[in-house]
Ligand code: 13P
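Here we start with a single chain on its own, the form predicted alone, put down as structure tokens.
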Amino acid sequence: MKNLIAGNWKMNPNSKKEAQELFDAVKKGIKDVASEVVICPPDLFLSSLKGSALGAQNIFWEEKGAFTGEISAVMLKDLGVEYVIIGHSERRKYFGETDETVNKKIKKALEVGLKIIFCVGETAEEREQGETQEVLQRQIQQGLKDVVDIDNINVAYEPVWAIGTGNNCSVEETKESIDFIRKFVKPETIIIYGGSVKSENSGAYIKQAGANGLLVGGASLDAEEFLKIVKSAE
């Protein structure tokens, strides 16, 4: 099983030129790595970035129609996109995504043959109240409700309180959550970790916590740092 390392650029960078330069630097540095490396830029840049696996940051669950501002799974597939992030906590927080809408998106993505990075994770309040496992179980079971073919689903454990805060989850807590998630998916399902990942801590999540890879946010915008993270998984 290959490790999966995904770089989520979020709403960055500001120009096509910057995006191309960052992408080219990463592409050059991953030629001989064993991991599957996926870059998830804003949709505007997807058509111009070639030569490495690409992922989208979101999709809509309908194939076409009067849905202003949305992007369909079919459109992404036509661009050569291989992966899509679904259920990221920022989508849930700022755009009102629910377990039900996540489920619709997963079904549509699978229908057209996209590979999925399905994000789950607890908030700081839920963690403090001891509800981490309850939240993870609900998000997984409802997100994958009536989904039969989960071979193309990769689960990303992203504790919400650790995303973009610099307060990364401990190796011990991460292992506990990954082991719990494994109860609800196939044994061969890839489970990755995301949340303030840096080159200083990235290797431990794979070698000690049992993650099969990483979902990297801010650090993926620095090619040198991102490549260090990729190589820490080797």
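Keep in mind that this is a model prediction, so the values were computed, not measured. A residue's number is simply how far along the shown sequence it sits, counting from 1.
Keep in mind that the form predicted together with this ligand is missing from the display, and what follows is about it.
field: is_contact(Ser196, this ligand) in the predicted bound form, heavy atom dist at most 4.5 Å
entry: Yes, Ser196 sits close enough to this ligand in the predicted bound form that at least one of its heavy atoms falls within 4.5 Å.
- prompt: Should Gly80 be counted as a contact of this ligand in the predicted bound form, where contact means heavy atoms within 4.5 Å?
  reply: Output for Gly80 is no: heavy atoms all beyond 4.5 Å of this ligand.
task: Consider Lys10 of the chain shown here, and say whether it contacts this ligand in the predicted bound form, taking contact as heavy atoms within 4.5 Å.
output: Lys10: yes, in contact with this ligand in the predicted bound form.
message: Taking this ligand as it sits in the predicted bound form, is Leu215 in contact with it (heavy atom to heavy atom, 4.5 Å or less)?
response: Yes, Leu215 lies within 4.5 Å of this ligand in the predicted bound form.
message: Going by heavy atom distances of 4.5 angstroms or less, which of Ile106, Ala162, Val120, Val84 would be at the interface with this ligand in the predicted bound form?
response: So the residue touching this ligand in the predicted bound form, by this definition, is Ala162.
task: Quick one: find which of 146-154, 70-78, 85-93, 125-133 has residues within 4.5 Å of this ligand in the predicted bound form by heavy atom distance.
output: Result of the contact check: 85-93.
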